[in-house]
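A lone chain, given as C-alpha cells: the form predicted alone.
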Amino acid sequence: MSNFCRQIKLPSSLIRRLKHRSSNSMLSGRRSFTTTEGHRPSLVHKRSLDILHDPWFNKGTAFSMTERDRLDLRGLLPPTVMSPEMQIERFMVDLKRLEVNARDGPSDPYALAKWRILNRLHDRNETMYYKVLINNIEEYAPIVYTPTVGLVCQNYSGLFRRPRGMYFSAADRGEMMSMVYNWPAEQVDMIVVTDGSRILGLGDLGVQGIGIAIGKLDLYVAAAGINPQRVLPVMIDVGTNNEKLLKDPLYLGLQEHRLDGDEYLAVIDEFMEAVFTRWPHVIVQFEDFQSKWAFKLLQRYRSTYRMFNDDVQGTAGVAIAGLLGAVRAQGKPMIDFPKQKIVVAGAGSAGIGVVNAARKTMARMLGNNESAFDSAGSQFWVVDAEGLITEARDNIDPDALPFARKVKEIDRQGLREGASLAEVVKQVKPDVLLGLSAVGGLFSKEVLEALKDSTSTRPAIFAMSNPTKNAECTPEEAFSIVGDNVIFASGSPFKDVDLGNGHIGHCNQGNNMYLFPGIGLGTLLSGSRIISDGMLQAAAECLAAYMTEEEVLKGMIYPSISSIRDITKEVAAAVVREAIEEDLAEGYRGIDARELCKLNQEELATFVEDNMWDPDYPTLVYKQD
C-alpha cells in the first residue's frame, strides 16, 4: 500500500472529538461506543420488573442501591450488590456445574449444554453475556459458532425459546418495506443474512439456519466491538428442499419446496431494497447460501450495496493469509507465493472463491497485468466430485471454467479429465493441498502418501471444511503420514499433536473469525460505499503479517483466538487505510475522510479501538415517555 495517508500530528480539534464523541442508540439512549471519558448515563423509559426483564439493560445483582431506588428495584433483588467480576465468577461456577448434566455434543460432549446455558444468559443479561464471551473467547467461540452452531441449527426448532432477529419469507412478498420498521432499532450497523440453504457442511436446514446468523453476530460483537443493539440476524425463508423438515410437524419454517429462478431473486431483491432504504449505511454479510446463488448474488449486489459474502470472500481471505503464512513457514518471502503449486479439492462457492482470490493475489505480486493473471492461473489444479476439471468436461460450471486445465497440458503431465485427487497429487507434487470440499476424510491415506513426494521441503495441508466431521483429514493423520515437518491448518478447531522428543505439530485453525469482524468494522469506520477487492486483500495481508518470523518457522501460521480483539483492530485499520487509498471512504459519524487520512498508523489503530464497544454496565437514569 502507498503512504497516501500523511503521517502528521493529529489536529487538536480531532483529538477532542475522538475523546469526547459519544453516540447514543436511538433505541433508548444506551451509549453505543466506549469513550476515554467513561460512561455517560443512559436514559431508559422503563422501571421495576420491566428493567429486570430487558436483557439490554438488566444488570441483575450489580444494580447499585442508588439505581435500585431510582428505578424502583429495591426489594426486587437480593440485598447484596455484586461487582460484574463477582457476577461472572458466580456464573462460571454455575456453568461448570450444570454443563455436566447433559452429554449431547459432537466432539465436546457438553457443547450443546454449554450453548443452552450461555443462551439463557444472553436472554436475561446481554452485557454480562458478552463480557463472559470476550473474557473466554477461545473456549466459547466454538460454542457460539462453529462447530457447535451446526448442532444448534440442526436442532433449532426444538431449541427455540425466545425470538432473536427477523424472519422474511416468501409469504411476505410485497410487505418487506413495511416489515423492516417492525425492528425497534433506529440504527443498524451490521446484518448477517442466510437463506439456510447450505449451513456449514450440513446442507439445507431451512429456517433453522437463523442460528448461523445469530452466532456470527455474537462474534462481531465480541471480536469487533460492534454494538449489540445495532446488529440484526436475518433469515430469508424461501422454503426448503430437506424432505425431513418438510415432513416434520414441529418445523418452524415454510413447509414448501424452495423458490428458484426469478421468483427467488425477487425475494432477495425486495429484502435488500427494504433494509437499505431504512438503514442506508448498514453492512450486509451473506452467510451460507448454496453455491448456486452465492456468486450470483455477490455479483448482483456488491457494486451497489455495502455487502459481502463471507463464505466466498471471508473464507478466501483467511485461506490467502494462511497460504502466505505457509510460504513464510517454508523460509521464503511472501513475494514467492506465485511460485506455489496448489491442488484444490472442492469447486463450490468456498473453493472457487479461494482460488479466485489466490489468483488475484499472485497476479498482484507479478505486476497485476493480463500476463500476470494468466501465469497465476496456471498454478492451480481444481478437483471436484467428478475429478480433475479440464476443458474437456461437458457442461462445466461457468465459475470453475477459468481454472479448467488445458487438455494438451495435462497430457504432458500424465493426467486426464476426471483424474482422481490421489492421481493429481502424485503427478503435480504440489506445495499445498487445499481442501474445501465438505467431504470428511477426503484426504485419504493414498492422497497423503502421494503428498510425501511434494517438491516442497515443507508441504502444507489445509483441511478447511466445517464442521469437524467434514474436515478432509485430521492433524494426526497429516503428521503421521506426511511427516513431522508438514504445515497443517483446518477450518474447525483441533488440538496440537505431540510429535515426541518435545516437538509439537501445530494445528492452525483457519477460522473466518480472524477476518470478517475486521472487514465489517473497517468498512463501518471508513464509511466506504462498497467493500472492494483491495479492502479484502488488505485484510488478508494484514493477518498474514501478524505472526512473527519465529512463530511461522515453528509452523504457526494463524494467531491465537485469544488475541482476536487486537487482531480485529489491526485488520480494521488496514481496511480503513485501503478504503481511503481507493477513494472509497466517506468518513464516520462526523469524522470525514480528510480527517481520517491524516491519521498515522498508530493513531488509526487508536481510532479503531476507541470505536469498539465494550460490555460495561452504563449508569441508568429513568425518563418518562
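Residues carry their position along the shown sequence, with the first being 1. For clarity, every value in this text was computed on a predicted model and none was experimentally measured.
Form predicted in complex with a small molecule: not shown, discussed below.
Trainee: Taking 4.5 Å between heavy atoms as the contact cutoff, choose which of 497, 383, 410, 137 touches the small molecule in the predicted complex.
Mentor: Filtering the options by heavy-atom distance leaves 383.
Trainee: Since exactly one of 245, 329, 200, 180 fits, which has a heavy atom within 4.5 Å of the small molecule in the predicted complex?
Mentor: Of the listed residues, the single hit is 200.
Trainee: Can you check whether residue 442 is within 4.5 Å of the small molecule in the predicted complex, heavy atom basis?
Mentor: The answer is yes: residue 442 has a heavy atom within 4.5 Å of the small molecule.
Trainee: So in the predicted complex, is the small molecule close enough to residue 148 to count as touching (4.5 Å, heavy atoms)?
Mentor: No - in the predicted complex, heavy atoms of residue 148 and the small molecule never come within 4.5 Å of each other.
Trainee: Is residue 528 one of the residues lying within 4.5 Å of the small molecule in the predicted complex, judged by heavy atom distances?
Mentor: It does not: once the small molecule is placed as it appears in the predicted complex, residue 528 has no heavy atom within 4.5 Å of it.
Trainee: May I ask you to check whether residue 209 falls inside a 4.5 Å heavy atom distance of the small molecule in the predicted complex?
Mentor: No - in the predicted complex, heavy atoms of residue 209 and the small molecule never come within 4.5 Å of each other.
Trainee: In the predicted complex, does every one of 518, 522 and 536 come within 4.5 Å of the small molecule, counting any heavy atom?
Mentor: Judged in the predicted complex, none of 518, 522 and 536 sits within 4.5 Å of the small molecule.
Trainee: Among 112-120, 340-348, 150-158, 221-229, which stretch sits within 4.5 Å of the small molecule in the predicted complex, heavy atoms only?
Mentor: The contacting stretch is 340-348.
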